[in-house]
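Next comes just one chain, in structure tokens: the form predicted alone.
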């Protein structure tokens, strides 16, 4: 319940029609007694300054697609939503740079840029709902990370509101900016624990003239054969933007074929794409089947791929999403383990992983007990491979039982020290990041 005092004080900072009562019983937690929708940087600054000076806690969200990602507190005093803080600040077409407000919808940005034959080279999950601020704050990326890189490769400047309300800038609005430390990387992936992004500047790339998607099916599921093919392709001069291994369950949902499948994305001028297609045909292993999707069909495939990552939970079904990092060829071990977990724990499991970069995503659906047990078993397996498991989505109640981030890293003292300097009163997104930061 909102206290009269809190409500009256917040009304002094932002118009009443942009204040609503929070959802204190939301399944994913990360709620607020009061939810506010600022529309200017000055309003964001005023809210944070008020919270810092009055011992209030603030959770930050864009459009809520990362709400189940971390967080050990069910509710803060204020839930600061950037859903209404959106719009393009500056687009320099010739320099291929774009500055936008943090709450701007990612898909709408891509649609706008397509008119100028440009794009942001990121492929986050839930692109139709995700905001650019949320993507950068969580360092979200998908299968095209192999060719595109991540937010740390794309973001060249940030404007940030500190927990005490001060506004700082890191980086700049030009690509060739070499002054001082690259402070952008400190804030990218920090889950909003160091400041609220007000502006994000990214470098752009031209829309590809042509693209295709090769689906290579391995009916026999021979992992050594899959690894040998992937190594041969990676050692060549070809430049796929994706080399994603799909689990049989995920492949069936996307292609109708229940077997391990490699999704090989190609983007370039048409002659270059066709040349790479012919090379891949020339090294195609025996006992495999190939299907090539051209431009519009390839785009439709990826649209369907991201739509399958819906994580709404029903009353008797628990959904979880794991981000797993391993040495790239160990992705095959993660895929095998995910299939075994589905059988042994009676779970619906859809998994995929990049044989070029080693990042995997495993989505689990089933009973609470089976999901928790599967996560623990997966962590043991991945630890044996020298990798890590981060839980990108899990209901709030289970985040009390299962650590989102896993064991504290050796450099945790550095993260803790930075947080204590930037946010000594622990105002922003408390207990949302590694080790309860």
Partner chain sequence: MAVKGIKSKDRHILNLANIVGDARSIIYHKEDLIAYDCDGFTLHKHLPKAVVFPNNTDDVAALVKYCSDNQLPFLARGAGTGLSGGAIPLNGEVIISMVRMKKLLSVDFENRRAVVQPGFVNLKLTNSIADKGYYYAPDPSSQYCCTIGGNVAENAGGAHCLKYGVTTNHILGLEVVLPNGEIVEIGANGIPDAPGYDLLGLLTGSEGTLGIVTKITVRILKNPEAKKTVLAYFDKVEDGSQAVSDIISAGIVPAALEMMDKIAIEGVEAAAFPVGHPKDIEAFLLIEVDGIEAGLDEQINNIMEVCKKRNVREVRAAETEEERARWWANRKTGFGAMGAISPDYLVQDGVIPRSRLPEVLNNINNISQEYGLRIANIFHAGDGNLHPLVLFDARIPGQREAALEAGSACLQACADVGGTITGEHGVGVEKREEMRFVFTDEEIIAQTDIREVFNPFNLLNAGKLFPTPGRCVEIKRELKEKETAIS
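This is a predicted model, so every value here is computed, not measured. Numbering follows the first chain given and starts at 1.
Not pictured, yet referred to below: the form predicted together with the partner chain.
Annotated contact segment (heavy atom within 4.5 Å of the partner chain in the model of the complex): 235-243, selected among 217-225, 71-79, 235-243, 287-295.
Although the partner is absent here, residue 272 lies within 4.5 Å of the partner chain in the model of the complex, judged by heavy atoms. Residue contact with the partner chain in the model of the complex: residue 396 places no heavy atom within 4.5 Å of it. When contacts are judged by a 4.5 Å heavy atom cut-off, residue 325 counts as touching the partner chain in the model of the complex.
Within 4.5 Å of any heavy atom of the partner chain in the model of the complex lies no heavy atom of residue 365.
Among the residues 281, 209, 107, 346, the one placing a heavy atom within 4.5 Å of the partner chain in the model of the complex is 209. Among 254, 113, 96, 259, the residue placing a heavy atom within 4.5 Å of the partner chain in the model of the complex is 96.
Of the residues in 410-437, those that come within 4.5 Å of the partner chain in the model of the complex through at least one heavy atom are, in sequence order, 411, 413, 414, 415, 417, 418, 419, 421, 422, 433, 434, 437.
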